[in-house]
Ligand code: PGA
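Before any questions on how it binds or moves, here is one chain, the form predicted alone, in structure tokens.
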């Protein structure tokens, strides 16, 4: 079955990870506000640490930016000392990053836990940005498709066909992330993986749902190389790590996305 993709708003997500205290995050947001324009067809999402989500939510220009949580707990309430639930984040964020490789590897997040988090995010009106991807060892062993299949089918198991339209999936091969080696993935290989992801969704929910889901690429994205991935047919945006804490690099990625859409006549 051929999967066709229709133009959607390009999604540029900056994952600030464990960087920037409150004042540093405020300054970065100020600089991004100065450099990034309002683009109708480009959605810019910032994912700071949990600590600074609330103060940034007051400062942020919502015409330009939306906020995302880097993580949350799947239970809405209860005796879970130290946790923050998706229910608590409803008024602060539009998105939440779920299943990032660093969460899977460093914090032993299982397929079952990620499934619960995806369902909790959707239940609380927050759009999950589900991260999937294989390790170098799995890639070399020819297990990439099986890994992606398992991660996708498990994470989406509790969702309806209506729910799935709200999901964002980010393909992040672990071996391409700077933390784990930072090898550059070839765009033609990335396209194959993105096509496979859409076919998995089509098998589960049908072609129309597969067309609606936005699929991003993440893996050592920088302003110098972003265009190569954003140009991939079916790529709806990028998930940016380290470069997102550099206002010049991150704004350069947003500018690259705009130039590509203008070139392709989407604007």
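Model, not experiment: these values are computed from the prediction. Residue numbers count along the first chain shown, from 1.
Omitted from view is the form predicted in complex with 2-phosphoglycolic acid, to which the following refers.
Colleague: Which one of 176, 159, 167, 132 is close to 2-phosphoglycolic acid in the model of the complex, taking close to mean a heavy atom within 4.5 Å?
Modeller: Selected residue: 176.
Colleague: Answer for residue 220 alone: is it within 4.5 Å of 2-phosphoglycolic acid in the model of the complex, judged on heavy atom distances?
Modeller: Residue 220: contacts 2-phosphoglycolic acid in the model of the complex.
Colleague: Residue 17: heavy atom within 4.5 Å of 2-phosphoglycolic acid in the model of the complex?
Modeller: Because a heavy atom of residue 17 falls inside 4.5 Å of 2-phosphoglycolic acid in the model of the complex, the answer is yes.
Colleague: If we define contact as a non-hydrogen atom of the residue within 4.5 angstroms of the partner, is residue 240 a contact of 2-phosphoglycolic acid in the model of the complex?
Modeller: Yes.
Colleague: Okay, which stretch from 212-220, 57-65, 22-30, 39-47 lines 2-phosphoglycolic acid in the model of the complex, with non-hydrogen atoms inside 4.5 Å?
Modeller: After filtering at 4.5 Å, what remains is 212-220.
Colleague: From first to last in sequence, which residues of 138-158 have any non-hydrogen atom within 4.5 angstroms of 2-phosphoglycolic acid in the model of the complex?
Modeller: Nothing in this stretch is in contact.
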